[in-house]
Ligand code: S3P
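Only one chain is included here, represented as structure tokens and corresponding to the form predicted on its own.
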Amino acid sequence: MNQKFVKIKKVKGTLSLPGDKSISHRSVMLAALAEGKSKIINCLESDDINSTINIFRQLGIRITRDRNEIIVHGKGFQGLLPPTQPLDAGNSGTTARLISGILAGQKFPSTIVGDESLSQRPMKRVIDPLKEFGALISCSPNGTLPINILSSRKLKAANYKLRVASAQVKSALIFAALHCEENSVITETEITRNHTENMLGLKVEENKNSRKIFVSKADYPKASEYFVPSDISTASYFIVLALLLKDSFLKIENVSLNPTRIGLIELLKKMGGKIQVENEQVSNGEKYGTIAIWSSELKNIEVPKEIIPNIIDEIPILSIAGIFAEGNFSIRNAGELRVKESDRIEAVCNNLKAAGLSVKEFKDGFEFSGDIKNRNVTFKSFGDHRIALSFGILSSVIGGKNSVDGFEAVSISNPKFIEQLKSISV
């Protein structure tokens, strides 16, 4: 689908956005593992979350959705049923990687597959550490899907130091460790999203150089009620839009304020962005609140290496802010962008070049300078929702006859983006 955009003069109003994708995935998984009935409020309705829900339905879990609520009837410890066919994770790397940790602790064999895009993404990063917990698991010779999990021997507790800064790998290991009687210790030296340990209430020890997470069967989830705050990544597109358009003011309600997820907000503030957090609350260990944004004059700054893992999904939209900020934009130490739904470094660079910017591409990032010269561009989504959304925002700011080809990719995370955009446009 080729989505056309018109120039937006300014934005005003209040938005209530869909639930956070990362927390939605984990809420469904924890509820499915628990014994009994759980309720999930404001769970994201998108292709990725539907992949997770459909897999658990294949594993014998009854899940119903009624408007803004999901009811999950969990089966308890090792209560999942053997699937009759491969489990399709669609385009969702979170689904494939996290569920591999859950399935490693079951008593039956299973296979995880995905769509063409997901089937090119690295899975060995989760396969190898799961083997250290005793999992009988393998992937293709290329280190990609399908993932094959044999009928498991009993998993063993392990002390494991993460070799890749990945919340998905960490969460897969946590899910596997829930099936061990003894304590496992998972150590990370680069801080990543901590939703799984927050929602399970795990013991965590932090010092200057590392973070240790302790987990065992004693931490197995219990039936609960989950409120899913709005997705900070989804909010980021509207935050940048409000900053860039003159005379704009926008509020976004009930947004996740997890400290491992607000790196973009802190960075935009340092760039001169007028952003304020109000009405902070906590649910299931997760902070959330209202974000207020005013039009701002931005200045590009150096992006610290240590913040990259926590803004990795927001780098495409950060680059859009960088176009209109004073000075040249540069991002490095972000090689992980090349193994997302698309090669996001290549995707961003190609689209920026099409708009007439001077762009340098590196193995682990890119930099650019100059002004928009071409306002009649068909940007490419490369089948990636974050690229589609980012260049939808750029098209809305610059006007002209701009469009985004393959815009249907936004169904992965926010199918109602256009409707939301129209509701605040003036």
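Nothing here was measured: the structure is a model prediction, and the numbers come from that model. Quick note: we count residues from 1 along the sequence shown, nothing fancier.
Absent from the display: the form predicted together with this ligand. The rest refers to it.
Of the stretches 238-246, 91-99, 346-354, 324-332, only 91-99 has residues with a heavy atom within 4.5 Å of this ligand in the predicted bound form. Using a 4.5 angstroms limit between non-hydrogen atoms, residue 165 touches this ligand in the predicted bound form.
Within 4.5 Å of some heavy atom of this ligand in the predicted bound form lies at least one heavy atom of residue 313. Looking at residue 211, you'd find every heavy atom of it more than 4.5 angstroms from this ligand in the predicted bound form. Of the heavy atoms in residue 414, none are within 4.5 Å of this ligand in the predicted bound form.
A single residue from the set 193, 287, 75, 251 has any heavy atom within 4.5 angstroms of this ligand in the predicted bound form; that residue is 193. Residues of 1-39 lying near this ligand in the predicted bound form, listed in sequence order, are 21, 22, 26, the criterion being any heavy atom within 4.5 Å.
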